[in-house]
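The chain below stands alone and is given as structure tokens, in the form predicted alone.
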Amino acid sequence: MLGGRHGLEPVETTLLIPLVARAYGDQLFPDMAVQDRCAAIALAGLHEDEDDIEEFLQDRLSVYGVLSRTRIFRQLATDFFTRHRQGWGVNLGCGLSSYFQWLDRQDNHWLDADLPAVMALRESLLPTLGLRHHSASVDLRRAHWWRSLGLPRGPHAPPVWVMLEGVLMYLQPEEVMHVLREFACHAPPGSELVCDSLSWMATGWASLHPSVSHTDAQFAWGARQMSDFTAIDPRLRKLSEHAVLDGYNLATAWLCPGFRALWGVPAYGIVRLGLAQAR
């Protein structure tokens, strides 16, 4: 498996799940196709065993979920760059995802960032897409990561669009709060943070997930209420919420909204946050 050959930790090896889904998912779900030309290149460079790839593809719900959330992230970023043509986009915990292939608007900048081992692997597999495409190593668990990345700060800086895809559920609760607080304290006005959200009920049960169970990673955090995303700082505001799995089949079309209505949080969804006027 990926971690053993490349020295990645269990959470880092979860990057294989979206990579396989984007490389092969268009064939399984043509209506949800994302046309990721970089995923197939990266996957070929990893030389993964066909049986390992097939294990992930058998988890069709997760493949669908990756394609669905990719389309949502991509649309939200497109909307952001329509409003802020010279803004920055940042993929924190980028793994081997390549969103700038879709989001290059000729004026904007994009930064892909992850832990050092992941970024070293990424550098060997994926090209940089032009002068406005940047990369950096980062550990979101450490203080001052916003400054360490050299991201725009201050009231007159261009807005930043921050995405965290498949990241927060693997952090400890205090680490999640640290990430949100760092964004609230340093992001320029007009910035947004978009992340996927797992319910607290999944915490500790990653071994039951058909794909994550192959990586030995564990779910460490999930939202108990939607205010968990904004309570850490009064400047944070929830701008929108997006369903990911509802369209998979009739069962999810009923169960996902029902879970959200009953428990007050989605079993799995995407949350978009913004900043109120700086104090």
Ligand SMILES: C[S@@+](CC[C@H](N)C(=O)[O-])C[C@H]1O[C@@H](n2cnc3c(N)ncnc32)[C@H](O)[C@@H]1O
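Predicted, not measured: the structure shown is a model, and the values here were computed from it. Quick note: we count residues from 1 along the sequence shown, nothing fancier.
There is another form of this protein, the form predicted together with this ligand, and it is not shown here; the text below is about that form.
A heavy atom within 4.5 Å of this ligand in the predicted complex is found for one listed residue only; from Leu180, Leu171, Leu126, Val162, this is Leu171. Note on the partner interface in the predicted complex: the residue among Leu76, Ala206, Leu151, Leu140 having a heavy atom within 4.5 angstroms of this ligand is Leu140. Considering this ligand in the predicted complex, the lone stretch of 102-110, 127-135, 87-95, 185-193 in range is 87-95 [heavy atom distance within 4.5 Å].
In the predicted complex, no heavy atom of Pro158 sits within 4.5 Å of this ligand. Contact check for Leu15: a non-hydrogen atom falls within 4.5 Å of this ligand in the predicted complex.
Contact check for Val167: a non-hydrogen atom falls within 4.5 Å of this ligand in the predicted complex. Taking non-hydrogen atoms only, Leu115 approaches this ligand to within 4.5 angstroms in the predicted complex. Within 4.5 angstroms of this ligand in the predicted complex, the stretch 66-87 places a non-hydrogen atom from Arg69 alone.
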